[in-house]
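Take a look at this one chain, the form predicted alone, written out in structure tokens.
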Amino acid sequence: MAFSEFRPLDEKTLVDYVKAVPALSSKLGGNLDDLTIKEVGDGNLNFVYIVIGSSGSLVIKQALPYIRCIGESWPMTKERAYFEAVTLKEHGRWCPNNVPEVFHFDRTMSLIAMRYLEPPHIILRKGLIAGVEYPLLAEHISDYMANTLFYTSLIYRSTTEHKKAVAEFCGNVELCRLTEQVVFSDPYKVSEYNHWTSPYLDEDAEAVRNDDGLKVEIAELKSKFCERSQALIHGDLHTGSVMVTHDSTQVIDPEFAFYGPMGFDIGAFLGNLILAYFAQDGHAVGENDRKNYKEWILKTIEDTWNLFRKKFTALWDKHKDGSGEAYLPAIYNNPELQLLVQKKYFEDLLHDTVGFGSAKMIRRIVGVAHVEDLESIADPSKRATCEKRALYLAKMLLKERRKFHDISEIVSAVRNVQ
């Protein structure tokens, strides 16, 4: 069967596709008529199939020309699959232990085939809802962020190389515009896509729309998101984009990737951990009050930032005399100056991280797409109580982020919300 033009695949036509692509059929082995195929795409945008053969397995992800959770009324470019495949390969180059291998990419079909993350891998968000501790999570995710962000930045790369990569990823404009809309615009105005736990949060949602101080700060963050090409960021690094076991952490779904501010990735991940923290009270039952688990989440937040900073700094020191053009060795040529620029760099990055993380939290409470951590709390009153606490913190942090100078201060602010 020829696949010379785009067509959405289903479980039957997927078999024909696999048979026609040697790079895939060779991975599965044996009788391809006996493949086990399961559609598992519970996200907002794509079809995702697990394909298991007699001697191998893989995942096939196909982008649709619209947003799946809304339908054809909201068109969306299929080209996002190209940028996802390129990012998986580039991030996998720098952090192969935490990014699934890509086996095949078909631009015409907007299709990526990659390693199947077999059980017991689960989506991190589901593990957080269940109250499972992952002792290596901070270690692994800080590896991923430090390596992917450092090696795609001007601290490591030449301006020529960086500009060429930035130009290529400017093509992912539709996904960037979607983020601009749902993170930086919709929550601050009346939008048909916004929703919240009504009537409990009606006044809270209106307060966000009427908060001029909040709007001033979100405008600055939107400007940074649109204009600052700092590194190749994942673009949607929440706890639903990470799969885990107790000894494995894998980052998936970078279809929103582009060259943007590093703090957007770091903030998205930490902001989602904070949402998970506030959701725990809604999942507490009987003697399991989740208090110890909440403390584990806070420790993971602190460890993730501190390990990221330590690893990023080590890479910077290692390559300070390399080809990177952000800090030329002829200028930044003594240890004291190196320490000064690094201190300023990480203070600015912490403020960006807190700001973007807070913006992501706000949109997950009064915007279009919420998080299962909170949505799975059946009692709307209890859910709303958790959401109010998270929203209070997010608004405060977004407006006052420059007052914080260490991640421990952020963790204390989270812990002190009543």
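Quick note: we count residues from 1 along the sequence shown, nothing fancier. Please read these numbers as outputs of a predicted model, since none were measured by experiment.
Below, we refer to the form predicted together with another copy of the chain, which is not included among the displayed structures.
Q: Just one of 96 to 104, 129 to 137, 290 to 298, 182 to 190 has residues with a heavy atom within 4.5 Å of another copy of the chain in the model of the complex, so point it out.
A: Single hit among the candidates: 182 to 190.
Q: Is there a non-hydrogen atom of Val285 within 4.5 angstroms of a non-hydrogen atom of another copy of the chain in the model of the complex?
A: Looking in the model of the complex, residue contacts with another copy of the chain do not include Val285, since no heavy atom lies within 4.5 Å.
Q: If we define contact as a non-hydrogen atom of the residue within 4.5 angstroms of the partner, is Lys215 a contact of another copy of the chain in the model of the complex?
A: Taking the distances in the model of the complex, the answer for Lys215 is yes, it comes within 4.5 Å of another copy of the chain.
Q: Look up in the model of the complex whether Leu201 has a non-hydrogen atom within 4.5 angstroms of another copy of the chain, and give yes or no.
A: Flag for Leu201 set to no.
Q: Evaluate Gln280 for contact with another copy of the chain in the model of the complex, applying a 4.5 angstroms cut-off between non-hydrogen atoms, and reply yes or no.
A: The answer is no: Gln280 has no heavy atom within 4.5 Å of another copy of the chain.
Q: Ok, Lys222, His246, His195, His319: which has a heavy atom sitting within 4.5 Å of another copy of the chain in the model of the complex?
A: Checking each option against another copy of the chain in the model of the complex, the one that comes within 4.5 Å is Lys222.
Q: Have a look at Met114, Cys176, Ala205, Leu315 for me and say which one sits with a heavy atom within 4.5 Å of another copy of the chain in the model of the complex.
A: None of the other options qualify; the answer is Cys176.
Q: Decide if the three candidate residues Glu347, Thr353 and Met396 all line another copy of the chain in the model of the complex, where lining means a heavy atom within 4.5 Å.
A: Heavy-atom distance to another copy of the chain in the model of the complex: none of the three under 4.5 Å.
Q: Using a 4.5 Å cut-off on any heavy atom, which residues of 317 to 347 would contact another copy of the chain in the model of the complex?
A: If the 4.5 Å heavy-atom criterion is applied to another copy of the chain in the model of the complex, 317 to 347 yields Glu325, Ala326, Tyr327, Leu328, Ala330, Ile331, Tyr332, Asn333, Asn334, Leu337, Leu340, Val341, Lys344.
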